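First comes one chain, alone, set out as structure tokens in the form predicted on its own.
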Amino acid sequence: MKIGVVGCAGRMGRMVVAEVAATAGCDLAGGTEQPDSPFLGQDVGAVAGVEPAGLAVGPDADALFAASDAVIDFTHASVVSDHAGHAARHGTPLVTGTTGLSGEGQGALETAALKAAIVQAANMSVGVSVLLGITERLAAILGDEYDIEILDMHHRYKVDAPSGTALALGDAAARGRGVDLDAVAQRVRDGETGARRAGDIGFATLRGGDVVSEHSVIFAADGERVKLTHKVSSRSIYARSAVRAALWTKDKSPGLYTMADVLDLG
């Protein structure tokens, strides 16, 4: 498969380019950056620190979608709608790990999924995909006497809070309990908040240092706590999983898929 990478000079984009170059069964279709990027015109492979690919970084995402069998996107929520439109126009599968989407951005992905295979994940990690399933199952098994708290920590440059992964874990817990997350989410506590409301799903956000990603789901009852934790020490796992997802989209029908679909987790 020919795989394109939008935002190829970014931190994750470079890792994805390197992973594509190192993975059997796929070739690099090209890479794009913003029109004012200093990397325009440079070799996509060289920018990523791998062997030159003979492909120049360009500004035209639509042309990249037309030339690719699948495109991987770890860019910014503000451009996801544009990328979704390109995917729909060309029927090109899109794998996106971009978080912090607006309602418009999410709607654009859902619309694009009518024309192309879209794999969307708040966290591409295989471990997180498993954690989501366990969280939903535990929330269904444990009663309301277990308070649910979700902790997420990332590096100091993380711009959205709670993280997309933390919200995905909250969604999983809410599904397990048969409730709507928006109705029970408690994202901020400050001052005299009073006693904890039964049934709430709480979020705590930490930011600092160079922490890649750390998430915990805590089920706390009188006399007992169950804690599920996932830690990431290298972003390369996201790139590896994204390439795996891109290869999985070959010959897939249009639709909005998750990493659970890619991993056949049921």
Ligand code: NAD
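What you are looking at is a predicted structure, and each value in this text was computed from that prediction instead of being measured. For every residue, the number given is its place in the sequence shown, counted from 1.
Another form, the form predicted in complex with the named molecule, is not on view; read the next lines as being about it.
Visitor: Can you work out whether residue 240 and the named molecule are in contact in the predicted complex, taking contact to mean some heavy atom pair no more than 4.5 Å apart?
Guide: So residue 240 does not count as contacting the named molecule.
Visitor: Contact with the named molecule in the predicted complex for residue 42, defined as at least one heavy atom pair within 4.5 Å: yes or no?
Guide: Output for residue 42 is no: heavy atoms all beyond 4.5 Å of the named molecule.
Visitor: In the predicted complex, does residue 158 have a heavy atom within 4.5 Å of the named molecule?
Guide: Flag for residue 158 set to yes.
Visitor: Is there a heavy atom of residue 135 lying 4.5 Å or less from a heavy atom of the named molecule in the predicted complex?
Guide: Contact with the named molecule, no.
Visitor: Only one of 72, 148, 169, 124 comes within 4.5 Å of the named molecule in the predicted complex by heavy atoms, so just point that one out.
Guide: Contact with the named molecule in the predicted complex is made by 124 alone.
Visitor: Could you tell me which of 96-104, 138-146, 109-117, 170-178 sits within 4.5 Å of the named molecule in the predicted complex, going by non-hydrogen atoms?
Guide: Among the candidates, contact is made by 96-104.
Visitor: Can you name the residues of 62-90 that have a heavy atom within 4.5 Å of the named molecule in the predicted complex?
Guide: If the 4.5 Å heavy-atom criterion is applied to the named molecule in the predicted complex, 62-90 yields 74, 75, 76, 79, 83.
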